[in-house]
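Coming up is one lone chain in structure tokens, specifically the form predicted alone.
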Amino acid sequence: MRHITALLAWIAIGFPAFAVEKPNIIVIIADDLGYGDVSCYGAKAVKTPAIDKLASEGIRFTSGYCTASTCTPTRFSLLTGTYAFRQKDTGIAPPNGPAIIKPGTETLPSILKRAGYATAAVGKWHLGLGDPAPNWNGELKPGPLDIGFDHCFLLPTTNDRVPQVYVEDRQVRGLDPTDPLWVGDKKPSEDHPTGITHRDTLKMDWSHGHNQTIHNGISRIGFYTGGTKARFRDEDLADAWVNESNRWIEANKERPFFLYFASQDIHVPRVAHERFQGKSGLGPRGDCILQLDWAVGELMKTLDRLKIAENTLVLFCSDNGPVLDDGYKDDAVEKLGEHKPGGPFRGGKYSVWEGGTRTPFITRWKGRIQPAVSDKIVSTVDFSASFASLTGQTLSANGSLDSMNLLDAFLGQSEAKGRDYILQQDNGSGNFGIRSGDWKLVRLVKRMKTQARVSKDERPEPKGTHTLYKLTEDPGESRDVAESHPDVVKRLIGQMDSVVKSDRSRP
């Protein structure tokens, strides 16, 4: 019926059917997945058949970007269409952090809800809950349901931060009121077991930082007690997200729907289900890549089973580039072999080098998108404007401040241009990168002190504040050519400053 309505609209107004149709939309966002971590982007040591199939049936972008090289700011910009540096407190959200996206903010789900969509968020949230802090034993408000989602089933923070419970809509799922949940940033008692005091009991040892409350044999960031019946097993997370998503898709298949599927894979602690453990040969990190690929495949099977794949636009991306040692001794470095998580690019998570924000990026709409490989520059921040255009919605004057309408590029239209430039940020240190065409300018005003390792052989950061690279000749950003191209440096500094200092980049 939806196809017939779209066809009649096309005949009446003379525009392509996709411009007025309302397909289902699924955004699948992986966590810490690098450009080189999937086989359709060049990985040899690990195979990802489901993601590869998605790419073979759609568009595989070679210049697809998230906006930031850490979790929270990228997720903020994806859902709001606004760069995270424009709002305070968009760094990595702490366990007891309040809701970062405030009620009344225009968001991707609120835009699609105006267009008549059912909306749901399943998986990792990490954008805070409540105000001024989460009420873990009561109503978790504000949250996703206050910014456009009809339903949510969430990992509230990250799997390496407490608490290890599911949040469903406004409450912790399965919480026993006689065993209240307490979350804090200090030890609740002197005898509270931690990764330091009870290190010999851990099934996965920590390398730095992740040594506070122990859950499931793994120590985490932060402290919590109680909520015993509500706690999950890390091994079961992927299955929980897939099962809930499939249930919700089936319940809403008769109307247009938007699903934000946010996997925790391959974020630390990397603990795949037992059926994937030891299968990759790359240790837990590789096993979690296999699990992520499985989850993608399961969602696609559901679309096929329900016969709605040809009316569903699927987008696959990552929240930032790769990291190997991010706090746990899980053999990610030792078992890496010749595998290159960042592909040909420099850096990874926490950096403004290409490896920090250039990630796998795929769009598929069976019967509408012709299979192709595209070098157009596209970004997750552009989902708001693009999907508003697709569904006939108008962006508010004060919302989606940096989102560009790249619908033609996402759908593979022959005349599509993509972005002229893309701005890249880290976790809010003031470091930025800007890519414009073949050129990339890097601004380093603060040297990040982190014990995380993003590759086997990390190069020292340059001493200068501004460095310039020609990506077509030097994708690994190894040769600074700023001195020989002062005009390009000046132009890109001006462009970067204009975006950063203004209150918006969307016209």
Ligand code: NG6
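The first residue of the sequence shown is number 1, and the count goes up from there. Note that the structure is predicted; figures quoted are calculated from it, not measured.
Separately, the form predicted together with this ligand exists; it is not shown, and the next lines address it.
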Three residues, Arg60, Cys317 and Lys376; all within 4.5 Å of this ligand in the model of the complex via heavy atoms? no
Residues in which of 109-117, 368-376, 353-361, 201-209 have heavy atoms within 4.5 Å of this ligand in the model of the complex? 201-209
Listed residue that, although this ligand is not shown, lies within 4.5 Å of it in the model of the complex (heavy atoms), from Arg346, His339, Arg161, Arg435: Arg161
I need to confirm a contact call. Of Leu155, Ala388, Val268, Ala272, which residue comes within 4.5 Å of this ligand in the model of the complex, counting heavy atoms only? Val268
Val333: heavy atom within 4.5 Å of this ligand in the model of the complex? no
Asp326: touches this ligand in the model of the complex, heavy atom cutoff 4.5 angstroms: yes
Interface membership of Thr67, this ligand in the model of the complex, 4.5 Å heavy atom rule: no
Check whether Leu127 has any heavy atom within 4.5 Å of a heavy atom of this ligand in the model of the complex, and answer yes or no. no
